[in-house]
Ligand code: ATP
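First, one chain by itself in structure tokens, the form predicted alone.
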Amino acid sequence: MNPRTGILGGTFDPIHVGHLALAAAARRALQLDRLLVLPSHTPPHRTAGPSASVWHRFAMAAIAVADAEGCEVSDLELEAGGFSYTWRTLERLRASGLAAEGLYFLTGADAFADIATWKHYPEVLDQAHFAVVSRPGQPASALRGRLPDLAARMIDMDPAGGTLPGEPSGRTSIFLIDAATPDVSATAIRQRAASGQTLTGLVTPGVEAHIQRHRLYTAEAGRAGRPAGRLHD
């Protein structure tokens, strides 16, 4: 059996406990051997760019998973520049020697509900398996009804882990994982940071310390001479 590699992509502005809970649920349900965390360069779905620089977002991702066994932060999308499309990232990973049957792209049920709007849909679904985890108010299992054209490719997984399906022959699958994840958003975290409120419980202690040390998401961070995202203060 091929090693199972989870791919967690995102803006991570900042990375928070919701991201980590989603990754943990997918790793547990699918018994993933390792996890690659890929901060995006420029997310195609946002009208405005990230508030923190690529260096800070990479640093926060690295801090967040530093103690998690089998986790690695990759600068693949940051080095590539431009819009960070999923299909392009998966293309690069496969070009590096990783086979589609061993790749599992992790995403929330809310994001996957809009899969038809992703670039190179539906071909992107053939580049890797997709592991879709519930988000508050949006259970992964409900996607069968919302996306009937994809229902035949969907497989329900026990969030506690257990028997895995056999390796599919020649076709990638969509694994649905109904696991509880915190109702946390990066937007709300940035707003709390800007008003000086605590971020305890929303991000890891190391990420909170990094945000406070570099005054990310505050008005001071954007002043001339101290641009938001400057890491080498």
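Counting begins at 1, following the sequence as shown. Nothing here was measured: the structure is a model prediction, and the numbers come from that model.
Here the subject shifts to the form predicted together with ligand ATP, a form of this protein not shown in this document.
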| query | finding |
| --- | --- |
| Listed residue that, although ligand ATP is not shown, lies within 4.5 Å of it in the model of the complex (heavy atoms), from S173, T204, S53, T181 | T181 |
| Partner-proximal stretch of 185 to 193, 66 to 74, 204 to 212, 28 to 36 relative to ligand ATP in the model of the complex, 4.5 angstroms, heavy atom | 185 to 193 |
| Contact at G9, H16 and R135 by ligand ATP in the model of the complex, all three, heavy atom at most 4.5 Å | yes |
| Any non-hydrogen atom of D110 within 4.5 angstroms of ligand ATP in the model of the complex | yes |
| Contact label in the model of the complex: L22 to ligand ATP, heavy atom within 4.5 Å | yes |
